[in-house]
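Next up: just one chain, as structure tokens, the form predicted on its own.
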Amino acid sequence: MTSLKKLLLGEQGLVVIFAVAFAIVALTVPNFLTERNMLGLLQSVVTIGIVACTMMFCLASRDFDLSVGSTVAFSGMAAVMASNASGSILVGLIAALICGGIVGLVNGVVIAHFRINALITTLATMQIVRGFALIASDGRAVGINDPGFYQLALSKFLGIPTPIWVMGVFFVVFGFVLNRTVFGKNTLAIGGNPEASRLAGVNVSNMRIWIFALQGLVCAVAGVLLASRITSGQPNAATGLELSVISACVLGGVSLAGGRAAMTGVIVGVLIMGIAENVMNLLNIQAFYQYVVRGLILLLAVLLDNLRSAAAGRRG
């Protein structure tokens, strides 16, 4: 019983459970294992997967970012509008990165230097940034003028859509940053004990600003790819994204109390979120039920986090 509990709560255990669940779904749900459905599933989790890469750092450092959905929508809007106005896709991409980076930087500065709780700060910026997106577009979707913009999402490499490759690169890069760099180690140290990290010479305030700035830039990339996929800048896009991303991270073993994170776990968490939605679509279950399932997954994620923290406390 004890070994089973360790398996359930450990990082390797999560992978085993995912593999078993994947096999069951593949055997019982028609058309699940087709190439078309697998690529569609991966396409559907691109936004969650990309944003989860940096949300992992936020959570690992004992912070939250509830503004990611609004930042994704706002950055996508900025990319489309700047591209339309200038006739250049590159200008649109730069505009998106600037907008996302500014939102992340503002979040980081307010949290680190004004010492306002991350939950409250990002809840406020979530509303403000969504408001900016609605004001800029007058509450309407903005169409894309340059057909080349669509190719950001439609293009393929080796038969796999480009956004999936982008997500894979982000997984590799941020996994490396977490495990092999001083930045990653300092992030986990801050989450484990901010005061001890400060005494050890880590500039906690600057680290927090960098983490949130990175979060904003990554949201901008996700926003551009999403705008390309849905063929317009949508001010109401990515609503509720923050909860899906946090659920995926916590399911994957990132601790809400900070100090613990693993990219392999985050990847599994992202895939679990995608598979749950994909299976409901294949079984023609009404979209309304997906809200219930997402809520249950979030509750399960928090429960697992509590159990992992309790187990870690006993081991300590």
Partner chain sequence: DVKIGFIVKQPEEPWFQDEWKFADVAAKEKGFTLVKIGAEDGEKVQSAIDNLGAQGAQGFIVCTPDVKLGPGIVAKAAANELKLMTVDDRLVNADGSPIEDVPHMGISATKIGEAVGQAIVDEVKKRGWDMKDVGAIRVSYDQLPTAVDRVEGALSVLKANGFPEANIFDAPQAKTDTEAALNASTIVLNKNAGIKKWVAIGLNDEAVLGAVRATETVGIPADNMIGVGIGGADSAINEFKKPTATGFFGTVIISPKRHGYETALNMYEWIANGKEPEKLTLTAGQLALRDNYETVRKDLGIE
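Whichever C-alpha set is largest while still superposing within 1.5 Å between the two forms counts as the rigid core. From a predicted model like this one, the values you see are computed outputs, not experimental measurements. Positions refer to the first chain, counted from 1.
Omitted from view is the form predicted together with the partner chain, to which the following refers.
*Asks:* Answer with yes or no whether Y150 is in contact with the partner chain in the predicted bound form, where contact means some heavy atom within 4.5 Å.
*Replies:* Because a heavy atom of Y150 falls inside 4.5 Å of the partner chain in the predicted bound form, the answer is yes.
*Asks:* Check T264 for me: does it contact the partner chain in the predicted bound form (non-hydrogen atoms, 4.5 angstroms)?
*Replies:* No.
*Asks:* Just checking whether A238 would be counted as a contact of the partner chain in the predicted bound form - the rule being heavy atoms within 4.5 angstroms.
*Replies:* Answer yes; at least one heavy atom of A238 falls within 4.5 Å of the partner chain in the predicted bound form.
*Asks:* Determine whether any heavy atom of S232 comes within 4.5 Å of a heavy atom of the partner chain in the predicted bound form, and answer yes or no.
*Replies:* Residue-level check for S232: yes, a contact with the partner chain.
*Asks:* Can you name the residues of 128-159 that have a heavy atom within 4.5 Å of the partner chain in the predicted bound form?
*Replies:* Residues within 4.5 Å: L134, G139, R140, A141, V142, G143, I144, N145, Y150.
*Asks:* Quick check on A287: with the core superposed, does its CA move 2 angstroms or more between this form and the one not shown?
*Replies:* Moves: yes, 2 Å or greater.
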